[in-house]
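Single chain ahead, written as structure tokens, the form predicted alone.
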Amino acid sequence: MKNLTLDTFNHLTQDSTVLADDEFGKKVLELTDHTIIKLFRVKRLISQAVIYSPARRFANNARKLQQLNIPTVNLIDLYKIKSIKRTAIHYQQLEGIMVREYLHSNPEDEVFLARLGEFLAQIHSKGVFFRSAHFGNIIYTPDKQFGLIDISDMTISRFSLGKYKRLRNMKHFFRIKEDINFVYNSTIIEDAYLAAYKGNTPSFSDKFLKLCTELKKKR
């Protein structure tokens, strides 16, 4: 993790565009070269506060996803900016559009929804538990693949996810009203997921479909 002075950080982010902020300040910046810097607050810039920072987790997850051939952002560097009590990840964006954006223009694309369900089953089979899974953090790339962004809140195991974790992750996936509205009257995603899941059983199918139905009703 590279130490940056405030002057160096300000020079790096000069003329950048603020993409997201909160009550504590800037969170995501797009630089003039279209790369992204995402900032994370750190209460104590020592020991475990930096070692296990979201920025470092983000970078580690990006490397692991690339090793698993799951499209994601390309890491440029990691920064520690003591003067503003921040760590940061600098990366190249994953080219494409959000699933949410695609569905706004193509709300009845059943093939797309089926492929999305297959993709979820695929990442679960590769050990990816993505707590920030929703239609805004899954990208549809120009070469018609799905990829993941905003990946700090993620764990990646060497083994396929068990049934309990698969169900838990669907609670994250179907939690945003805007997303559920696209698929409220459809089970295409769920059916494709179950068809792609090699460990599927009739008992799990029943639990999976029941859970997804209940989650959609909460919209």
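Since the model is a prediction, treat every value here as computed from it, not as a measurement. Don't overthink the numbering: it's just position in the shown sequence, from 1.
One more form of this protein should be noted, the form predicted in complex with a small molecule, which is absent from this view; the next part is about it.
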property	result
Triple contact flag Lys27, Gln93 and Asp150 to the small molecule in the model of the complex, non-hydrogen atom at 4.5 angstroms	yes
Residue stretch of 117-125, 104-112, 131-139, 78-86 approaching the small molecule in the model of the complex, non-hydrogen atom distance within 4.5 Å	131-139
Residue (of Ile188, Ile70, Ile36, Met170) lying close to the small molecule in the model of the complex, criterion heavy atoms within 4.5 Å	Ile36
Exercise: Ala20 in contact with the small molecule in the model of the complex, heavy atom 4.5 Å	yes
